[in-house]
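Here you'll find one protein chain in two forms, each presented separately as structure tokens under the names structure 1 and structure 2.
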Structure 1
């Protein structure tokens, strides 16, 4: 890491520490009732206590499972459909209108349909998460495949490459930056929808923990859950960035 990057990283941590200090000051001065706003010390104590008892760890695992399964389903379906549509002008002509009809639908409008089909079950959560997370991946994949340099296809024809070889050796590597960007965005969507489904369906996860804490006025537990959700989002984003950097290392070698 360069010196400049290190300075910016330290500055970002200093800003975060400043916000935590301001939060602690407001809590100590009781500018907001402690019933609604605990200090970061109380939130940290609740976080440690939750992990010590095992309750918070099980909720964390539940949310991770909901997010991961929904995101993986969306990734597989989104990349497959996006590759199919993006590599065929005929498919874009016939399927694009249907996509434009479904894409603007808010996920909140799909949730009642999912509940009617699956009930308040894990299957409902998987359907809702996959539906919401598929669009960034599929649209990015369509754009990536449609934007492949035409001369590369001319080279493939000259070499008499098979259709699968063209897809996996030319189109997919060329579209990979767009695909990974879509997957990174959909990961955040999957986390948000996981929490929403846990709140609505009472599924085991951090969303349910936060809901029960709010109803019982356990503000420290509530903030502990919110902090853990933020940490989850940050860690998964960093992990996706590292994977993206490794998979796209060939770009820096060109």
Structure 2
């Protein structure tokens, strides 16, 4: 990073700190009732206290688990199904349009159906998160497979490669940017659905924590939970960017 970029970055942090200061000022002057808006100091204390007692940490792990299991299941199933559909023209004509039709469906609408099928259980949460997260990945995989340079397939035919070999050596690597973009989108969906499922089913996690804090009007705990959720969203998206850069490094060399 160059010197000017460093200075800009620091100035940017200073502006953010200014906003936090403003928030503190508003809270201190009680412009907004402290029942709704705790100052950053109180939110921070609640965060530290929550972690010290181990409560918040276990909730954080709970949400992370819901999100990670659902997302991983969706990734595996989405890439597998997407590869299956995308690599066959027959399936593309018959199945892909139905999938496109389902794409704009607000996935949270599946929650009541899942509750009716599985009850208020961890299995329900897993199903909902995986169901919601699978679409972006599967559709991106189908799209990636459909957009493979046709000459590569000709090469594969000339080399008499088997179908699995074509999928693993040609189609998957060239569809990788699409697939990773889909997985990144799914990560956000998985986090949101984890929180919603925890709110609805009372499962152990940050969603449940923030709801309980709100019901008890413990606004400092509530803000601590929301800050943690924001941090989770940020960290997972940064991790995904790093993974993308790592996995796609070979592409920029061309």
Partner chain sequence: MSLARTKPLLLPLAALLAFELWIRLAHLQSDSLAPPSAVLAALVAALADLTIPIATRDTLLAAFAGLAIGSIIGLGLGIAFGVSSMLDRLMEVTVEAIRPIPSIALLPIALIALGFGYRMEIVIVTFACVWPMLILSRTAVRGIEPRLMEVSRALRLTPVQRTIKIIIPAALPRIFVAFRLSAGIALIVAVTVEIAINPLGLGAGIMLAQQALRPDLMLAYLVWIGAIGYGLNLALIVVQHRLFGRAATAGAGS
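None of these values were measured; they are calculated from a predicted model. Numbering follows the first chain given and starts at 1. In this text, rigid core is short for the largest set of C-alphas that superpose within 1.5 Å between two forms.
The chain as displayed in structure 2 is taken from the form predicted in complex with its partner chain. Superposed on the core, the two forms barely differ at residue 239: its CA moves less than 2 Å between structures 1 and 2.
The shift recorded for the CA atom of residue 14 between structures 1 and 2 is 3.4 Å, with superposition on the rigid core.
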